[in-house]
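Given as structure tokens, the chain that follows is alone and in the form predicted alone.
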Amino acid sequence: MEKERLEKEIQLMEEKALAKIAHDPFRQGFHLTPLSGWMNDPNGLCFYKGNYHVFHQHSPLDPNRGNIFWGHFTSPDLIHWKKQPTFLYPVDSWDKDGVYSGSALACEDGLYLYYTGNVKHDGDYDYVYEGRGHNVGLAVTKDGIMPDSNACILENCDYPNDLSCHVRDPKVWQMDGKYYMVLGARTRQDEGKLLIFESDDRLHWWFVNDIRTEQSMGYMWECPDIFCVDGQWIVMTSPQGMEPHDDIGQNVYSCGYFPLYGDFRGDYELGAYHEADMGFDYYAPQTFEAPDGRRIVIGWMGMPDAEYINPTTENLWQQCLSIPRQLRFQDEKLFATPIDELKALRKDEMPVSCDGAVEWNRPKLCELVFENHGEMLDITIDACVHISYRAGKVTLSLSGPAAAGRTERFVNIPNLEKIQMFIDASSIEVFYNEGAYVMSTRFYPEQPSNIEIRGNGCGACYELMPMDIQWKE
């Protein structure tokens, strides 16, 4: 059977990739990466039966992105991880051309995984307005590891008739005794919007509303999420085709959020749009609620259709996920900060004090926390990544081979007070002013060298231990 054949091919590919890990300078230490192949959107984020579950888009046989499966990691504490068997295969009639993004609903009788089943029909089609099936599949698992059932529950004919064939990425949650699903969509007039569906039983769904802006904001809204944090409802999505303005929309595609006022099922208003991350590599974020009530978000550290690259394919893998970030709502915007669990990775602490200039050799994996006391600041990592603050503007620029094609991004920050930076083997995530702004990027230094700060302030640099990841039984 096709699934058995694919299982054997994946096993062989993973064995080849596993043999390369020890000599791979870019294999991440505290970010989830695929053992082999391509990784993109995080899916099915949840806590179920004592473990956090991170499913993800995965092309295990091709680091340059082939047909899409669902990969899977579990963890009891977001620090110690275990790679689980491939969860979904593109082998059914409703998902034969890829099991695309979706979400998890953790229930007492099982874990319900809703996903997009992609089908490209044979024929001369554009696959935007004709010829594509974007179905909603539902896989149910009792043990959280292997699916017990899988079925198609929504097809193109179940969506409003003004839509193109691009309807995808179901995010499902429970509230008020009902179940709700939001889907990203592209209309036949090339306007992005979100669709709201309701259900009594998790199986049968009906359309109740759509979420859109008065003025068109891109032709497709991908990877939607609707959630409440600190009493405020948030609509998060990744718009494609949005017109850039000021520091918004510098990447090929955006990803961000609107505060939502009113009821997503009826009358509502959307507040101002904010980007979730202003760097080069962050897309398709998804949130979930931790057992202690925290709202945590994880994004894909990549960007679709970007010109820059990731030179890890020679080691048979590409892409990674962001570190988990805790969300809070304050001053009409979301703040995203690294989860506290990451403090357990801190090893050695070096105090940092700067009154003009300071430089030190950095560990390969490290965290920098720095309070800025001046009106200007420059931080340089390995002579190839430069962060500059001038006149209310922070610029992140990369240069040389380590940039792999990345150039410059900026964000307007009126008063830069604090920076928290996580540097892994091939990525940097920078949090400004307690997470009011974030900039993330991949980078590929030949070897870690130094950090140089020019300005005025103080803080600490921590060497970080790698996460514990169990790749094989």
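Here the structure is a predicted model, which means the values were calculated and not measured. Sequential numbering from 1, following the sequence displayed.
Only in words, not in the display: the form predicted in complex with a small molecule, which the text now covers.
Candidate from Tyr257, Phe288, Trp300, Phe87 lying within 4.5 Å of the small molecule in the predicted complex - any heavy atom: The residue from Tyr257, Phe288, Trp300, Phe87 that makes the contact is Trp300.
Quick one: of Cys223, Val182, Leu154, Ala336, which gets a non-hydrogen atom within 4.5 angstroms of the small molecule in the predicted complex? It is Cys223 that has a heavy atom within 4.5 Å of the partner.
Which of these stretches, 45-53, 424-432, 443-451, 64-72, has heavy atoms within 4.5 Å of the small molecule in the predicted complex? Stretch 64-72 is the one.
Taking heavy atoms and a 4.5 Å cut-off, does Tyr100 contact the small molecule in the predicted complex? Yes, Tyr100 is a contact residue.
Would Arg325 show up as a contact with the small molecule in the predicted complex if we use heavy atoms at 4.5 Å? No, no contact at 4.5 Å.
Give a yes or no for Arg186: in the predicted complex, does one of its heavy atoms lie within 4.5 Å of a heavy atom belonging to the small molecule? No - in the predicted complex, heavy atoms of Arg186 and the small molecule never come within 4.5 Å of each other.
Counting only non-hydrogen atoms and a 4.5 angstroms cut-off, does Asn40 reach the small molecule in the predicted complex? Looking in the predicted complex, residue contacts with the small molecule include Asn40, since a heavy atom lies within 4.5 Å.
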